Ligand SMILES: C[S@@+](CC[C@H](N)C(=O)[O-])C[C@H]1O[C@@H](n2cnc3c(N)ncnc32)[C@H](O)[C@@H]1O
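Only one chain is included here, represented as structure tokens and corresponding to the form predicted alone.
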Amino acid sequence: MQLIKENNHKEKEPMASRNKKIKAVIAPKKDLPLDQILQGDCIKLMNALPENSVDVIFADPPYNMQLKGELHRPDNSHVDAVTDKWDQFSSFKAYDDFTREWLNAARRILKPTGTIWVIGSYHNIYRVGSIMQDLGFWTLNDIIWRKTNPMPNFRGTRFTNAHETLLWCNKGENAGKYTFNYDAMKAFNDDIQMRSDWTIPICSGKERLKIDGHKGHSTQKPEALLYRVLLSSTNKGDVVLDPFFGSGTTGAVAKKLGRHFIGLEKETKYIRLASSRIDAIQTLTDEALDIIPAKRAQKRIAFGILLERGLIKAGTELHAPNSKNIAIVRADGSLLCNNQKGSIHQVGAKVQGAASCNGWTYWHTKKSGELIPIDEIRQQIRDDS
């Protein structure tokens, strides 16, 4: 894996107004250091990258945990906690200034259609979230990562801290349409809509990287967490940047899922750890990488197109799933059912006494004696186009 040292950075450009539709020239991928780890200060490195060039940013910044002294278990054994220098700041103001600066740099390189994920604990996530809103980011979700095997509160003075929070945001209320693979995540979750609380164990066992028998990185995140993040918010070939690359979990999962990554990291020991880890990852085959496309991203097909192509004919009977309601297709693509007239959606809603209806899934046609939703016929047109 190629390692690139920090280079000279460009001056920050003014932030786009959050009240205007964000329009920008998208930087081509050829101008990016794809699938590489850049060594240096993440703020300088991001400021040196082209504006509007990255699809998704996943950031696991220092938490500023303010730990006082060492932690010990009841048997007096030492707890390997986060005591690294990179997590220590002189004051909340110093931490806020750092947070504001790296988020500004991240916002500049994020595409108008891009999104950013920031993970944190109660120590920092509220400060980070406030700053993100001040900078114009728009919160799409806060995800609760519930740990199945959290570290206990050994002193018995507080509740066990069993979760962390991920903020998922885009560049602003009026930013471009972002990627959310809703249908893929629903399939991933046994055809149940994916919720915003994710139960995933912390990184342990063989997945936990070691250096000389000790944790390779004190805050290594589980690959299962990044798998959900990238599966839900990126597409094959997208560029994912991680400004606090650490042990390289983002890069490992991005490579596995056929995404490009850019890692930014200061410390050589972490770069070596991440590089050897990522080099061992095999990208899934194109066939395995295919996911269920989001319906809102698919080509719009009007019901009348089915009539034009002869896939459904005027005079055809359409049935509700329980066959209680039967509608007649008219020449203009409207339906007639129980004296109700209108589109497939309007009539479906009226006969059910509902406020709305997805006519594509409500109405069925008979084929070889079986009822099939007209949505399957629509999909045939999409597949052929």
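Bear in mind the structure is a predicted one, so any value in this text is a computation, not a measurement. Start at 1 with the first residue shown and count on from there.
Missing here is the form predicted together with this ligand; even so, the following discussion is about that form.
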With this ligand left out here, work out from 167 to 175, 281 to 289, 219 to 227, 128 to 136 which stretch has heavy atoms within 4.5 Å of it in the predicted bound form. 219 to 227
Could you tell me which one of Asp142, Asp183, Glu101, Glu267 places a heavy atom within 4.5 Å of this ligand in the predicted bound form? Glu267
Do Asp41 and this ligand come within 4.5 Å of each other in the predicted bound form, heavy atoms counted? yes
Does any heavy atom of Thr115 come within 4.5 Å of a heavy atom of this ligand in the predicted bound form? no
If we define contact as a non-hydrogen atom of the residue within 4.5 angstroms of the partner, is Asp55 a contact of this ligand in the predicted bound form? no
Counting only non-hydrogen atoms and a 4.5 angstroms cut-off, does Pro62 reach this ligand in the predicted bound form? yes
Only counting heavy atoms and a 4.5 Å limit, does any residue of 225 to 261 reach this ligand in the predicted bound form, and if so which ones? Pro243, Phe244, Phe245, Gly246, Ser247, Gly248, Thr249
